[in-house]
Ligand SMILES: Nc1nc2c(ncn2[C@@H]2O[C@H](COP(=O)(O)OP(=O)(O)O)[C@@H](O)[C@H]2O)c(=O)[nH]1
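The form predicted on its own is given below as one chain in structure tokens.
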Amino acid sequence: MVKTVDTIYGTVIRKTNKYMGTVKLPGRFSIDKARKLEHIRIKTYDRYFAEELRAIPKQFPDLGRLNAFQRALLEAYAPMDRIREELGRIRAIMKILASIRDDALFRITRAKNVSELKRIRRMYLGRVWDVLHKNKRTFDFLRKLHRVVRRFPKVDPKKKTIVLAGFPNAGKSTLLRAFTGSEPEIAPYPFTTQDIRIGHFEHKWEKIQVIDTPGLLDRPVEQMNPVELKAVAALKHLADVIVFLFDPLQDRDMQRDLLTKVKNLIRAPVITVVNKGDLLEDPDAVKAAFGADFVISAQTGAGVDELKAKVLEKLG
């Protein structure tokens, strides 16, 4: 986790005080001995500050090696140029602190008494604090960004992927279980309060990935905020096939409108499916009314094998 400015500063002070309690120099007290102790103290402060700052960029992936999906997720939070700029500012801060350290060490060599040494220490710490505090926005930005990185869904962009879309209660989670034969993994999706559900099944020794995205693809686009729209756009880097589920018990026109918008957001082959076929008196009529490719019942399993075969055909 990226620490706040206050935490970094407090940690360095505590660690330095603890370390200085172990430092013992031979001989009686003299101004030379006091200079040496203060020299050690300033260098210790600097070492711990450098450790804290160096640790920040290491908590982020190499931006040049991100896959397209990860890159899209980060860019949903902030432009990549802004991210690079803020990470680069940490390196610039380290250089400034090193300059402040060198100035303090030079002044120590010329100090005439203990009072002057203490004044130099206070000045050093004050200057360091000013630099850190003036860059508080950078630390706060990277702290929030790191939370996003930690919440990256554990999906593999190299695997063939089926994305399920449709209105709430259309049966996406039930179909995911029917496809995979097990309970899906639940993973938080960055930038939203919703989760994605991830499942897998094997076909001819190849692992197929199935993703259900509640809260993203199951509501009209005009109700999504800009961040959610970008998060949905990130899915275009994963989807090889979209299975869009119609719920025959909900408004048909609204669902077809959502289908059109999903097609515009994610350009991948789409298979349309009327679910809950076990509740229909005339499945063929409902299928025709929706203009769907299949009628299934994810709950009973009716038609799921045929749908799965079609999906595998689309996946190639």
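All of these numbers come straight from a predicted model, not from anything done at the bench. In this text, residue numbers run from 1 along the sequence as written.
Although it is not shown, the form predicted in complex with the named molecule is what the next lines describe.
Asks: From the list 68, 279, 55, 288, which entry has a heavy atom within 4.5 Å of the named molecule in the predicted complex?
Replies: Contact check passes for 279.
Asks: Of the options 170, 242, 217, 208, which one has a non-hydrogen atom that comes within 4.5 Å of the named molecule in the predicted complex?
Replies: After the contact test, the surviving option is 170.
Asks: Hey, of 147-155, 123-131, 92-100, 162-170, which bit sits against the named molecule in the predicted complex at 4.5 Å between non-hydrogen atoms?
Replies: Comparing against the named molecule in the predicted complex, the contact stretch is 162-170.
Asks: Although the partner isn't part of this model, could you tell me whether residue 295 comes within 4.5 Å of the named molecule in the predicted complex, counting any heavy atom of the residue?
Replies: Contact with the named molecule, no.
Asks: Does residue 174 reach the named molecule in the predicted complex, with heavy atoms at most 4.5 Å apart?
Replies: So residue 174 counts as contacting the named molecule.
Asks: If you check in the predicted complex, is residue 299 within 4.5 Å of the named molecule, heavy atoms only?
Replies: Yes, residue 299 sits close enough to the named molecule in the predicted complex that at least one of its heavy atoms falls within 4.5 Å.
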